[in-house]
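Only one chain is shown below, in structure tokens, and it's the form predicted alone.
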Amino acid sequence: MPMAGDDIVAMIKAAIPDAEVELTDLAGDNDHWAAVVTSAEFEGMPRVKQHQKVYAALGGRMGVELHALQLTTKCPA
């Protein structure tokens, strides 16, 4: 079962409260998403750790309920 975009955003924001999340449904099927997550918490953190933090926010749903997530992380300008 696909994961709703609102649920993905809510889970990321629950784990990273200052996060701004831009979510795009890549295939129109609620199953292939692209996310741009911006947070001051990423400051000084290697990109791999930034991505791990976002994936951790999804609580193990990646690869199960959430089939694909193209992820971009960045710090606020």
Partner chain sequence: MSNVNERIAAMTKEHDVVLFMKGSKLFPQCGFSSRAVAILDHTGVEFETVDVLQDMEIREGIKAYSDWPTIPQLYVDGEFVGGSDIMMEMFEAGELQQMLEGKKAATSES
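Numbering follows the first chain given and starts at 1. This structure is a prediction, so every number in the text was calculated from the model and none was measured.
This protein has a second form, the form predicted in complex with its partner chain, left out of what is shown; the following refers to that one.
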Requested in this report: Using heavy atoms and a 4.5 Å cut-off, decide whether Lys13, Val21 and Asn30 all contact its partner chain in the model of the complex.
Outcome: no
Query raised in the report: Looking at the partner-bound form in the model of the complex, is Ala57 within 4.5 Å of its partner chain by any heavy atom?
Result: no
Query raised in the report: Taking 4.5 angstroms as the cut-off for heavy atoms, does Val9 touch its partner chain in the model of the complex?
Result: no
Query raised in the report: Even though its partner chain is not shown here, does Ala4 get within 4.5 Å of it in the model of the complex, heavy atoms only?
Result: no
**Report entry** 4.5 angstroms heavy atom contact with its partner chain in the model of the complex for Cys75
**Finding:** no
Query raised in the report: Taking its partner chain in the model of the complex, which residues along 53 to 77 bring a heavy atom to within 4.5 Å of it?
Result: Tyr55, Met62, Gly63, Ala68, Leu69, Gln70, Leu71, Thr72, Thr73
